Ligand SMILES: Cc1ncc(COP(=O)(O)O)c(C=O)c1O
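Just one chain follows, in the form predicted alone, and it is written as structure tokens.
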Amino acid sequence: MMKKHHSSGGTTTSQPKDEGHGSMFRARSKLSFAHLVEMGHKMGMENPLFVCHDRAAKATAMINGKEYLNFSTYDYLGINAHPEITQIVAETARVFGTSSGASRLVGGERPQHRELEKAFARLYGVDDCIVYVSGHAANVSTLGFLFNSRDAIFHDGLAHNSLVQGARLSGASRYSYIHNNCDDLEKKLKKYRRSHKHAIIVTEGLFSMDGNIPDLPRLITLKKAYDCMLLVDEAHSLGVLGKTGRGVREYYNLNADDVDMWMSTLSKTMCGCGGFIAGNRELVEYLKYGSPGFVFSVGMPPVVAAACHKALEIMLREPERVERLQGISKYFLEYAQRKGLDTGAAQGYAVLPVIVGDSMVAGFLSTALFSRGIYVMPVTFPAVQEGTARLRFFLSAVHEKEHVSRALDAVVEELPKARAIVEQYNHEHRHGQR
């Protein structure tokens, strides 16, 4: 809801710089990653964020002229920089340039837009699809536009930020159920569903922090029993789950219309940028004429649409990539567990956490691995709950067993050292406060 801004009509007095907006940003940063970076710096840890890459990130990455084993890329099938993709991008750029120039509503479409949307509609076996220029905006704008204060949104407790923000924007009543706990969801549906006009259940096809899969058949049963819509975010499951990478629908062998909105980003397996919602024709048309993230945003660059379409073609043409990804992911999970590492609820599909608990331990561990030529990022509060900080490994079809064993052996060696550094700092800090 838009908030009204009122003028006092009086004279505006300038705030001192350290007490004005800058102070607000500094205060809020204490709740963000910036606080952890600041604390790490005091403890002698280098900032592991925002490193600059010299070329496309694959199973290895080139950073400042040095090659690293890379576990921080969403290129699940190893398709990024594929020669067929770079060729179609160059050909498209020669004809259409690199920008759509305006929103598709007022500036018109390019053939690549509709071809991509039709391809995803075919993939999911639904009527149509709408492509947004941002995956995050696809969720925020869709949920924020479709639902209002009379409605209810029931979302998994570990749903992605974009889903939660979309629910907040909508003004609908928001009910978070225990992660992957359909019994808890049903309790909340029984208690709250009748109080609202419309309702939707929101989940992910493969959870981006824990690497586990929802009980989608049970969710479908609940959505039918309680007259809800269902949105499945396949950002990390498209290209990863199912024999041919068609996602959680193929994994469970579901009917397409059992889910009202199939969503995914285009920045993972599809090697581009953006996101889409696939569903029935009436829904898609309604979004195209009203969803703010589509209507008031520039259209996806034709070169990106062409790249994503070609990546989809390669995925479907070469299912062996999916098989290799699933194989190396299972190997990682088994090797990590054999080494005594905590992989949480991960099921062995592309997203593999190694949970260490303390946020600063995760940061020091990531830094130590980086010094050994292994690039993997820490995930800490507020992205995950306090006490569940982890290193999050993304696996790719082009990773090899030697890459995995080398990385995990290094984790086993460096984890006690990282914990010792943090324990020593905490001990000295507590002692100094007395």
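So that there is no doubt, residue numbering starts at 1 and follows the sequence shown. Note that this is a predicted model, so its numbers are computed, not measured.
One more form of this protein exists, namely the form predicted together with the ligand; it is left out here, but the text below deals with it.
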Choose from 148-156, 309-317, 176-184, 266-274 the stretch whose residues reach within 4.5 Å of the ligand in the predicted bound form, heavy atoms counted. 266-274
Looking at the partner-bound form in the predicted bound form, is G245 within 4.5 Å of the ligand by any heavy atom? no
Answer for E204 alone: is it within 4.5 Å of the ligand in the predicted bound form, judged on heavy atom distances? yes
At the 4.5 Å heavy atom threshold, is R110 in contact with the ligand in the predicted bound form? no
Would G135 sit within 4.5 Å of the ligand in the predicted bound form, counting heavy atoms only? yes
What is the one choice in S329, S170, T92, S208 with a heavy atom within 4.5 Å of the ligand in the predicted bound form? S208
Note: exactly one of Y226, Y252, Y74, F96 sits with a heavy atom within 4.5 Å of the ligand in the predicted bound form, namely Y74
Counting only non-hydrogen atoms and a 4.5 Å cut-off, give the residues of 362-386 close to the ligand in the predicted bound form. none
